[in-house]
Structure formats: structure tokens, C-alpha cells
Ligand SMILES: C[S@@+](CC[C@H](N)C(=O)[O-])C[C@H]1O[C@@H](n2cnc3c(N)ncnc32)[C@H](O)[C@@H]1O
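Shown below, as C-alpha cells, is a lone chain in the form predicted alone; questions about how it binds or moves come after it.
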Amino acid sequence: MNQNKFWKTRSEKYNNLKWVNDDSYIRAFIRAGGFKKTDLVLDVGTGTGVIVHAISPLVKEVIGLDVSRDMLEHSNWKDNKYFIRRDIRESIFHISKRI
């Protein structure tokens, strides 16, 4: 199975995973994060944005980063939530030489 087909299949059932629908997991994640209204958060490997949606009311902005377009198509892009399709293993920041 190629990577695109894998992520398309995975994205269709992702929101049915046990952890996604387990409020105790989400609450534990929020407690561990210690989020503040001034925070800008990057969620790497965001999938369908489950964590992004859970913490967005608690922070200034949250960005979900994922390699899969299919996963991101299941996300809800509004308010202070942003989603970017990128592979974290690739350089996403411009690095300039020091003079």
C-alpha cells in the first residue's frame, strides 16, 4: 500500500479511535500542558486535529502540522486554529548563515 492510500484509509476512521473519544485522555493532556491564553502551540502530527480543537479555547493560537492532506481535510479551520501540511522531517524554517 502506498503512503497516500494508507493516510486516506487511516483518516476515514481516525476519529473513531478509542483515545480520540476518551475524555479522560484529553483532560489529562490538557492538565499536563499547563496551557495559558498567551500561548502559541504547535501540534506536530496533528492528524484530524483532535488535540488542536481541545486546546484552542485555552490558548492564543494553535497550529496543527501533519504530513497527510487526507487527515487535515477532516480538520475544522476556524477561529484560532490553523493547519499546515508538512513533513516535520523536512526543513520548515529558513536558516540563514551568520556573518
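Numbering starts at 1 and runs along the sequence shown. What you are looking at is a predicted structure, and each value in this text was computed from that prediction instead of being measured.
The following text describes the form predicted together with the named molecule, which does not appear among the structures shown.
Q: Even though the named molecule is not shown here, does Asp87 get within 4.5 Å of it in the predicted bound form, heavy atoms only?
A: Taking the distances in the predicted bound form, the answer for Asp87 is yes, it comes within 4.5 Å of the named molecule.
Q: Can you tell me if Leu42 lies within 4.5 angstroms of the named molecule in the predicted bound form, counting non-hydrogen atoms only?
A: Contact with the named molecule, no.
Q: Looking at the partner-bound form in the predicted bound form, is Leu65 within 4.5 Å of the named molecule by any heavy atom?
A: Contact with the named molecule, yes.
Q: Decide whether Tyr14 counts as a contact residue for the named molecule in the predicted bound form under a heavy atom distance cut-off of 4.5 Å.
A: Yes, Tyr14 sits close enough to the named molecule in the predicted bound form that at least one of its heavy atoms falls within 4.5 Å.
Q: Quick one: which residues from 29 to 49 get a non-hydrogen atom within 4.5 Å of the named molecule in the predicted bound form?
A: Residues within 4.5 Å: Gly45, Thr46, Gly47.
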